[in-house]
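Taking the form predicted on its own, here's one chain by itself in structure tokens.
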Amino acid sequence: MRCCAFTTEREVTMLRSEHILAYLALVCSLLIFSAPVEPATGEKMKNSCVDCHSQLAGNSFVGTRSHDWKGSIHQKHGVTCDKCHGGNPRVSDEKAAHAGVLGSSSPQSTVYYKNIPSTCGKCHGAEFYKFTQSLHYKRLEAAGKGPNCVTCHGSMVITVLTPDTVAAVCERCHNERIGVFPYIPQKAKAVLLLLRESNALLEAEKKLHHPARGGEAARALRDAEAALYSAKLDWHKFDLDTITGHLQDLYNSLGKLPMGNPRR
């Protein structure tokens, strides 16, 4: 299946360099910012932010955010309020617990709209690196009018965009009235749909083949997985043509899988 035009050798070399840098950024972020969720005793650490905010009414602003956090991917990985907002979660006094915490309207706040990408980048280094290469990031830095992580994922990362919802989000800026690339929403919808279908196809091929390590099928599947990872990572750069290029590589790799007796 052909989904896009092939890139030149020079473009492939540049893409490989970018992927290496993105990988290094991810490794560095994990080494620098990873922190144990539980102490050495195995008992969960007390967190006054969570204890207090979880008791707030669900119809209040902070209460709503706290309830959104419950069950989120952040909670599952032990990312509590203080990791993004600051403060001292080990004290119960309200004033002491909020020391250093600034409102989101303050340019010095870690959750100020311009600072949100770098705050998220403490853990999501590779995605942040890609985002800094995008026109969206440059627009955000220069004029404060570009999107940030919250635009697509919500404050507590409880939003995962679908082909339909991504078009609606893109249309906030990319529409006929504003006149800024009004074709982008539908193109983004099509590319995200292709990305999801490619992911499903790869998972099906992996279940079908179960190849022995080192075989031709194993190499093809590894190459396909690498291409899919690159496509997902470059989504944060919003270069739709580059994403489809990675998906073309995925289909090329899957085309190398043996047709007969696939479990060998």
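Fair warning: this is a prediction, and the values are worked out from it, not measured in the lab. What we label the rigid core is the largest C-alpha set whose atoms superpose within 1.5 Å from one form to the other. When you see a residue number, it is the position in the sequence shown, counting from 1.
The following text describes the form predicted together with heme C (HEC), which does not appear among the structures shown.
- The closest non-hydrogen atom of S92 lies within 4.5 Å of heme C (HEC) in the predicted complex.
- Although the partner is absent here, L56 lies within 4.5 Å of heme C (HEC) in the predicted complex, judged by heavy atoms.
- Contact check for N175: every heavy atom lies farther than 4.5 Å from heme C (HEC) in the predicted complex.
- For A217, no non-hydrogen atom is located within 4.5 Å of heme C (HEC) in the predicted complex, even though that partner is not displayed.
- Proximity to heme C (HEC) in the predicted complex holds for none of L201, S230 and P258, with the criterion being a heavy atom within 4.5 Å.
- Interface residues of 104 to 140, taken as those with a heavy atom within 4.5 Å of heme C (HEC) in the predicted complex (partner not displayed): S104, V111, I116, P117, T119, C120, C123, H124, E127, F128, F131, L135, H136, R139, in sequence order.
- Relative to the superposed core, K232 undergoes a Cα shift smaller than 2 Å between the shown form and the other one.
- Comparing the forms between the shown form and the other one on their rigid core, the Cα displacement of E205 stays under 2 Å.
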